[in-house]
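Take a look at this single chain in structure tokens; it is the form predicted alone.
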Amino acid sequence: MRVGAILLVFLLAVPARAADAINVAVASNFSRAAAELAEQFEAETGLAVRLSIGSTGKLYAQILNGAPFDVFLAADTARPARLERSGHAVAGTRFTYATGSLVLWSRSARDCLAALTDDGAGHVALANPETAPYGKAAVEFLATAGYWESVSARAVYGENINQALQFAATGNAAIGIVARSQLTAPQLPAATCTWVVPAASSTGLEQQAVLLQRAADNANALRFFEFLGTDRARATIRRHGYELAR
């Protein structure tokens, strides 16, 4: 069989929905909620959604470098705004889909807050503040509340918020500063302590979505983008531990 014929047979064998999938870049903290939303959307429409999970900063860099994403679900407002200004996103599409919160979590410490000032308590895990908004917010909270001097020498940084929680859940860190939404994960070990960081103590946890320029004429991507604002989607987002804009 000639190479061209073999290629034709291969292309015909590839499911059409794989080629037509809506490509969504998703901030790590929102991965579980996004997976459920994608499942709901696929069940309603028959359209496939492909999720790419990572830190907001790394996904943003990939978009600037031409990554084939249609929708960006960031963990901040700054990067979606920059994408609009630079022409990488469709102007006027940016909106807040969720507002997250930080929580201290441990499977070994008896008092999460006290562990921040106890130099013998062990490592403190947080997401990389350079690329992950939740990591940046964690550092801002620690600095503002006077904990950074003690924590900085013991800090270990996950590439994203999911890895930060993994460090704490596996015992490689005594405590994690993670997203409250992550605590709904069914496989998470039992906590010995948790402490929700007050909203006024951290910033940058308003999360925005934006339709990327690549999908400006993509009716399927727009359909998924609009689905994020439906009552059903909002209920799912709230159930995963997020606050919603009115």
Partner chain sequence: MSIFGPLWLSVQLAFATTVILVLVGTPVAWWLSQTRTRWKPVVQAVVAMPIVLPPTVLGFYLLILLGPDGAIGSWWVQLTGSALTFSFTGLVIASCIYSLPFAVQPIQNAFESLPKHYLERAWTLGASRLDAFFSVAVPLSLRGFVSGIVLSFAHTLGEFGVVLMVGGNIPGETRVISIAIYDHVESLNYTAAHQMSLLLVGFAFAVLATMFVINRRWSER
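Computed from a predicted structure; not experimentally measured. Numbering follows the first chain given and starts at 1.
We do not show the form predicted together with its partner chain, though everything after this point is about it.
K.L.:
Which of Thr96, Ser86, Asn172, Thr144 has a heavy atom within 4.5 Å of its partner chain in the predicted bound form?
P.N.:
The residue from Thr96, Ser86, Asn172, Thr144 that makes the contact is Asn172.
K.L.:
If you check Thr131, Asn162, Ser150, Thr77 against its partner chain in the predicted bound form, which one has a heavy atom within 4.5 Å?
P.N.:
Here the answer is residue option Thr131.
K.L.:
Should the three residues Gly176, Arg180 and Leu222 be counted as contacting its partner chain in the predicted bound form, with contact defined as a heavy atom within 4.5 Å for each?
P.N.:
No, the whole trio is out of contact, none within 4.5 Å by any heavy atom.
K.L.:
Taking 4.5 angstroms as the cut-off for heavy atoms, does Ala81 touch its partner chain in the predicted bound form?
P.N.:
Result no; Ala81 lies far from its partner chain in the predicted bound form.
K.L.:
So in the predicted bound form, is its partner chain close enough to Tyr60 to count as touching (4.5 Å, heavy atoms)?
P.N.:
The answer is yes: Tyr60 has a heavy atom within 4.5 Å of its partner chain.
K.L.:
Spell out, yes or no, whether the shortest heavy atom distance between Val103 and its partner chain in the predicted bound form is within 4.5 Å.
P.N.:
Outside the cut-off, so no.
K.L.:
Report yes if any heavy atom of Leu64 sits within 4.5 Å of a heavy atom of its partner chain in the predicted bound form; otherwise report no.
P.N.:
Because a heavy atom of Leu64 falls inside 4.5 Å of its partner chain in the predicted bound form, the answer is yes.
K.L.:
Could you tell me which of 135 to 143, 162 to 170, 86 to 94, 111 to 119 sits within 4.5 Å of its partner chain in the predicted bound form, going by non-hydrogen atoms?
P.N.:
Of the stretches listed, the one contacting the partner is 162 to 170.
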